[in-house]
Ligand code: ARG
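First comes one chain, alone, set out as structure tokens in the form predicted alone.
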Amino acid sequence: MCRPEHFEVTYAINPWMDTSEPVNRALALAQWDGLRAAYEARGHRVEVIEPVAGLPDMVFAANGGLIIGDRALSARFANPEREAEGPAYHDWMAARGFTAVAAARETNEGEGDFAIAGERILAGTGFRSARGAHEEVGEFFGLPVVSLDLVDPRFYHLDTALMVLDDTIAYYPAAFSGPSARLLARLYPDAIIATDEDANVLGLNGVCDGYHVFLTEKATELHEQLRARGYEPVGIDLSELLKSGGSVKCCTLEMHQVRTATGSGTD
């Protein structure tokens, strides 16, 4: 995670961003601290990367790259406003001593567009990450990649429209092209389908540890659906960060373990 010490909205690169709307940085910091505390209270270890002045969206750590086992791939951002975040996250990854650390050649916004789902990776394209990045990620991590086309600019990253839930997913079909939505329906016939209302508050931008699901408190129907499936929703208020188009998952770069015959997990 990356504390939002330099968070502000001074440019607009997605429909959520409005440079005329004031940002309360003190509130953003307090809300971020609340998310970190929620993770740690439920047994998760949180590592924090030092924020860099002039990079207000560096708080959205999920976009910094992908980490699976002892391999890490840092991001290559689509927009020049965020370009310097890639090297910053790369340096952090390199300092941790992973066996293999590489910088993406193709435009690739990390876990924003790549979701680790068991023994496959679900990958989004259409707004930020290039389709060529899907092949690059698959080769680097040695996992099959399922390509999905995003078609609604409000859901510019995969993690705004889809959340992995252990062996299934929750998603918002309208954010995807017809063929991609039908593919997800075939792959995950038991998926949770988000309502318009929950999708529109970035309710799917959450993190599941197998039991707890950390997500915005405003996605009330999604909370109910999760409870009905045996999950425990943990409501988080990140209203200030939502002004830049991010919520719980955007703030969280998961460090995935390698999937084994007995299961999988994250730190």
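All residue numbers refer to positions in the sequence shown, first residue = 1. For clarity, every value in this text was computed on a predicted model and none was experimentally measured.
Although it is not shown, the form predicted together with the ligand is what the next lines describe.
- Placed here by superposing the C-alphas around the site, the ligand (as posed in the model of the complex) stays clear of every backbone and C-beta atom by more than 2.4 Å: open pocket.
- In the model of the complex, the ligand stays beyond 4.5 Å of every heavy atom belonging to G124.
- Of the heavy atoms in S129, none are within 4.5 Å of the ligand in the model of the complex.
- When contacts are judged by a 4.5 Å heavy atom cut-off, T160 counts as touching the ligand in the model of the complex.
- Shown alone here, R82 lies within 4.5 Å of the ligand in the model of the complex, counting heavy atoms only.
- Proximity to the ligand in the model of the complex, taken as a non-hydrogen atom within 4.5 angstroms, holds for one residue of L215, A62, L238, L222, which is A62.
- With the partner omitted from this view, the residue of F176, Y156, F141, W92 that lies near the ligand in the model of the complex is Y156 [heavy atom within 4.5 Å].
- Heavy atoms within 4.5 Å of the ligand in the model of the complex are found in one stretch of 238-246, 206-214, 46-54, 32-40, which is 238-246.
- With contact defined as any non-hydrogen atom lying within 4.5 angstroms of the ligand in the model of the complex, the contacting residues in 5-36 are I13, N14, M17, given in sequence order.
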